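In structure tokens, the next block holds one chain alone, the form predicted alone.
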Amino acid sequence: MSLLIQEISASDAPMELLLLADPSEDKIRASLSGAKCFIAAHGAVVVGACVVQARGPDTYELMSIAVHPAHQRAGYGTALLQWVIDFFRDRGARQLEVGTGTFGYQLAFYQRQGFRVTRIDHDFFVAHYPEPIVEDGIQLVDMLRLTLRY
């Protein structure tokens, strides 16, 4: 797998990819303010994107990570996440946090990289999104919060 991962300007963030991770363009745009944005490219094709916000001097939150559906399950998401983990570790981060509403393969995706469940934000998706978000026939209600401590 030949994958180039690099930081890009938040203004150049590939919205079509980020909308795969969060259906609210307004929320994505808000998360881009002051964030670091990364893309993963296979050849000339951008296959993945990631947005990370600082939450303190040594804590960061993974706001979005997405891989184009045609390129999923090929290891690109894992490579991108591992690169981001290493990027922030090398810059002195003590922890990286993420929230997910899906308790299936996304949960396993993060846990394989060392993330552990730290709390549940009850009713998060009901309170923060005007329309229901449904994945695999199940409406998302609670957000599961995970933390990777370096």
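Sequential numbering from 1, following the sequence displayed. The model shown is predicted, which means the values in this text are computed figures rather than measured ones.
Quick note: we don't show the form predicted in complex with a small molecule, though the next part is all about it.
Practice problem: With the small molecule left out of view, choose which of Ile39, Leu32, Ala66, Ile85 has a non-hydrogen atom within 4.5 angstroms of it in the model of the complex. | Solution: Looking at Ile39, Leu32, Ala66, Ile85 one by one, just Ala66 meets the 4.5 Å heavy-atom criterion.
Exercise. Indicate whether the small molecule has at least one heavy atom within 4.5 Å of a heavy atom of Gln106 in the model of the complex.
Key: Within the cut-off, so yes.
Quiz item: Do Phe124 and the small molecule share at least one heavy atom pair within 4.5 Å in the model of the complex?
Solution: Close contact is absent here: in the model of the complex, Phe124 is far from the small molecule, nothing within 4.5 Å, heavy atoms only.
Exercise. Could you confirm whether Gly99 comes within 4.5 Å of the small molecule in the model of the complex, counting heavy atoms only?
Key: Gly99: contacts the small molecule in the model of the complex.
Self-check item: Leu20, heavy atom within 4.5 angstroms of the small molecule in the model of the complex
Solution: Because a heavy atom of Leu20 falls inside 4.5 Å of the small molecule in the model of the complex, the answer is yes.
Self-check item: Proximity to the small molecule in the model of the complex (heavy atom, within 4.5 Å), stretch among 88-96, 23-31, 53-61, 110-118
Solution: Single hit among the candidates: 110-118.
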